[in-house]
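First comes one chain, alone, set out as structure tokens in the form predicted on its own.
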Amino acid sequence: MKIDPNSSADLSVQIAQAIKDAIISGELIVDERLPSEAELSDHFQVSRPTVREALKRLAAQSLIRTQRGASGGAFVNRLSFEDAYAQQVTTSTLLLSMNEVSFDTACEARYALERACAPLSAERRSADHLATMRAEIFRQGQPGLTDVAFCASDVAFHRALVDGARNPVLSYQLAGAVEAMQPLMNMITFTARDRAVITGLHTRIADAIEAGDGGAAAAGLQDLECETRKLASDVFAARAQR
């Protein structure tokens, strides 16, 4: 593990990256104890506070965990897909909000990814996945449901569809698309949409998933995308006339 002391990059960032690279390459394996702060300080020729800051960066990424006591120290963590979901959602949300990503671009990506899950979900979904989809459809039809609650239910419905594919890599990739993009799209379109239309499309999709018809589920998602794009177009046109 090496750093470049002549680089303009922060030393703690370099150290964190060097350790991260060692974990990714397999030089450091899961549950292996990292050298102590003093040993890392000597190895990288930096102060212990600098090493401590690097370890904090790694812990924030869930790459290491710390244990107290005589047998304690910093250990390489086993990162699960579930642990990484929150970071994926946060990163996707920041990327969308801080960069000029058009609505059409976000919409295209989000539905293209979910349509890829539809055939797998139709084939592999469990009773619990389908029950969640049905429960959210019922919730969406309740009078008095707030826009925020409808949005949350919308996300939960699509999350269940994606998770029904039973592919953790797809679920991880779609975490950002569904839980970051969907709320942003809802914020734009909620003032113009007809909930009954959305709920009807959700029902079509759930019926197809229950019947094991992945093609029909994908077609339902395609129609939902068209409806979402139409709503957004109407909203943007109305804003332009103000």
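Since the structure is predicted, the reported quantities are computational estimates derived from the model, not experimental observations. For clarity, a rigid core is taken as the largest C-alpha set superposing within 1.5 Å between two forms. In this text, residue numbers run from 1 along the sequence as written.
This next part talks about the form predicted in complex with another copy of the chain, which is not shown.
- [ ] Heavy atoms, 4.5 Å, another copy of the chain in the model of the complex: which of 213 to 221, 39 to 47, 194 to 202, 55 to 63 makes the cut? Say which one.
- [x] Correct option: 55 to 63.
Task: Heavy atom distance at most 4.5 Å to another copy of the chain in the model of the complex, all of V76, T105 and L113 - done: Yes, the whole trio is in contact, each within 4.5 Å by some heavy atom.
Open item on the list: I'd like to know if T90 sits close to another copy of the chain in the model of the complex, meaning any non-hydrogen atom pair within 4.5 angstroms.
Closed with: Yes, T90 lies within 4.5 Å of another copy of the chain in the model of the complex.
- [ ] Indicate whether another copy of the chain has at least one heavy atom within 4.5 Å of a heavy atom of A232 in the model of the complex.
- [x] Because no heavy atom of A232 falls inside 4.5 Å of another copy of the chain in the model of the complex, the answer is no.
Task: Contact test in the model of the complex: P168 vs another copy of the chain, heavy atoms, 4.5 Å - done: P168: yes, in contact with another copy of the chain in the model of the complex.
TODO: Examine R124 and determine whether its closest non-hydrogen atom to another copy of the chain in the model of the complex is within 4.5 angstroms.
DONE: It does: once another copy of the chain is placed as it appears in the model of the complex, R124 has a heavy atom within 4.5 Å of it.
Task: Single option in A131, A152, L145, A84 placed near another copy of the chain in the model of the complex, where near means a heavy atom within 4.5 Å - done: Spelling it out, the residue with a heavy atom inside the cut-off is A84.
Task: in the model of the complex, the residue from L34, A206, M185, A177 that sits within 4.5 Å of another copy of the chain by heavy atoms - done: Of the candidates L34, A206, M185, A177, A177 is the one lying within 4.5 Å of another copy of the chain in the model of the complex.
Open item on the list: Under the 4.5 Å heavy atom criterion, name the residues of 14 to 47 that approach another copy of the chain in the model of the complex, in sequence order.
Closed with: Residues within 4.5 Å: K20, I23, I24, V30.
Open item on the list: Using the rigid core as the reference frame, would you say D10 shifts its C-alpha by 2 Å or more between this form and the one not shown?
Closed with: D10: C-alpha displaced by 2 Å or more between this form and the one not shown.
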